[in-house]
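Before any questions on how it binds or moves, here is one chain, the form predicted alone, in structure tokens.
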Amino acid sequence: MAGTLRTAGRSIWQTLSSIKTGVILLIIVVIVSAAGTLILQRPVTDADEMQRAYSPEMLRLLDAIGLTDTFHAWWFVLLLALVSLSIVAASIQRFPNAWRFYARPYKSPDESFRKMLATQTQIAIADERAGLATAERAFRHLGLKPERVTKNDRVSLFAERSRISVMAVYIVHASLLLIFLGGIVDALYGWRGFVALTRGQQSGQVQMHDGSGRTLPFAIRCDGAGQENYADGSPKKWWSKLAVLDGGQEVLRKEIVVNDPLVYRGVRFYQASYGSTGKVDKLVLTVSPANGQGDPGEIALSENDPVQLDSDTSVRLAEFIPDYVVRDGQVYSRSTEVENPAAHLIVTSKTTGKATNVWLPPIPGFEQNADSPYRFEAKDLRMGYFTGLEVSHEPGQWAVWAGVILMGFGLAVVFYVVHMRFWAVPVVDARGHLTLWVGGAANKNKEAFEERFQKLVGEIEAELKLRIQASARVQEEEPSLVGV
């Protein structure tokens, strides 16, 4: 039994640590994430829009699978956890070898290593010490820091650059783990909701996608909202002026637009929608006495907010219908768009208690405009609008952004930083001549490495040539000095 468990555990570990497993899981994460951006998500999308976009059967299927709230679905959390485990397992299995290669680089090339190295050359020298000194100067001239290595009474040179490139893959692994950690934290502890506000309205309640509500520890107030359009009338930009009230005190103000949220205490408010409430914000009327005795005046009405016309008479806006139609003895609204508006006013006398129904425009069978002591004429109409705010709390975002930054650094190292190693050691070739063996290796970008290696060899040969010429001049000068 114990042997079976060990075998099963080893099989699971090998599967998790397999590169193939990690790649497959990463591909699945990418596909699912792409689906989560293409499929309408709750609660960001209005329920009516969801029903218009999908058939009832398809919507029920998407809800059941969790694709309408992909990034909070239990199976998505499980998928992220599996990918993270696979990355950890692969890193643990391969890291010891990589660390040995990083911490203890191979500095003294033996004969078998020299034979198998792809990039190498041999340069004839007359003296080991002079040859090494020449190579050392050439190394330094190319910006390398040579190190003299003594092994088995043999001295050699070793230099390298950008050893960090060896560990770049683990930087990328760490960045992926941070991103997935942030995703898991957001899925388990984060939430998304929606709040709609009209101008001057404040609220601390957020509607969740499941119909429940969440109470914020502060309130958000809308001080204004609007829409800017292109020349053809299509929406260009929505904006909202928001204020945060904490403990009854205004602590923050900001005008938000799409992709520029207001953030307070870890809660983000995004501009998500904007539209008409179908209600009047302000109806401006010209008012004049019906008997003609008096000058016309101007009043502004809001729904169910009475305005005093004189000491005995008041008027209030009882109802506003943006697109009215009369059917079956009733006045209905066909839509919330202001296409065929009608306003129902009630003029009340304090003395008689009589209420007169005034309709603008007059609707036969409903209006009593002739009985009103005042005549009304519409001058201006300002409709009420709401701003729709997507509200989210994503406590794992710090890990996601840290992972993104770390991944940028790791990928830059992976693609642009090359680990180069160079060796130089005096050896006796097959013909018994003393030579300086020079070799090199790189983990990527072989063309650039070959160019640098040839430059190094050229520098060494040039140094040796100068040394030989200097030695020849000395020998030529010696006879004349003897004669003197």
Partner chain sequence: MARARVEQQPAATGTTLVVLVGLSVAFLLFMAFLNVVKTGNLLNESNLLYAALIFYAGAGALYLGFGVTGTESYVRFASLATWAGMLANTGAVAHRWYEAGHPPFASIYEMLLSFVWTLAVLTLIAEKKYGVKVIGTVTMPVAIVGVILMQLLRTEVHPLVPALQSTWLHVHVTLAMLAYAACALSFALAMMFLIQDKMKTETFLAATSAFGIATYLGVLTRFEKWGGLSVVAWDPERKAEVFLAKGARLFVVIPDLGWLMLMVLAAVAAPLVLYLVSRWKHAEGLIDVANRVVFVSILMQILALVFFLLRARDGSYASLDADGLFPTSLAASPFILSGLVGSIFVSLLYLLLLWRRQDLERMLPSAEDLDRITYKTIAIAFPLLTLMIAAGAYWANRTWGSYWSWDPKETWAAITWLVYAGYLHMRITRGWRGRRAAYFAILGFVVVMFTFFGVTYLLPGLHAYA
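Numbering follows the first chain given and starts at 1. If you superpose the two forms and keep the largest set of C-alpha atoms that fall within 1.5 Å, you have the rigid core. Worth saying up front: this structure is predicted, and the values here are computed from it rather than measured.
The discussion below concerns the form predicted in complex with its partner chain, not included here.
Contact with its partner chain in the model of the complex, judged by any heavy atom within 4.5 Å, is made by just one of S392, S165, S156, S86: S392. This chain appears without its partner; in the model of the complex, the one residue of F139, F320, F71, Y374 with a heavy atom within 4.5 Å of its partner chain is F71. Among residues of the shown chain, M58 is not one whose heavy atoms approach its partner chain to within 4.5 Å in the model of the complex. Residue contact check for L456: none of its heavy atoms lie within 4.5 Å of its partner chain in the model of the complex. Among heavy atoms of I12, none comes within 4.5 Å of its partner chain in the model of the complex. Residue contact check for D429: none of its heavy atoms lie within 4.5 Å of its partner chain in the model of the complex.
Exactly one of the stretches 296 to 304, 261 to 269, 130 to 138, 245 to 253 approaches its partner chain in the model of the complex with heavy atoms within 4.5 Å, and it is 261 to 269. With contact defined as any non-hydrogen atom lying within 4.5 angstroms of its partner chain in the model of the complex, the contacting residues in 168 to 198 are H173, L176, G182, G183, D186, R192, given in sequence order.
With the core held fixed between the shown form and the other one, F71 has its Cα displaced by at least 2 Å. Once both forms are fitted on their core, a CA shift of 2 Å or more is seen for V29 between the shown form and the other one.
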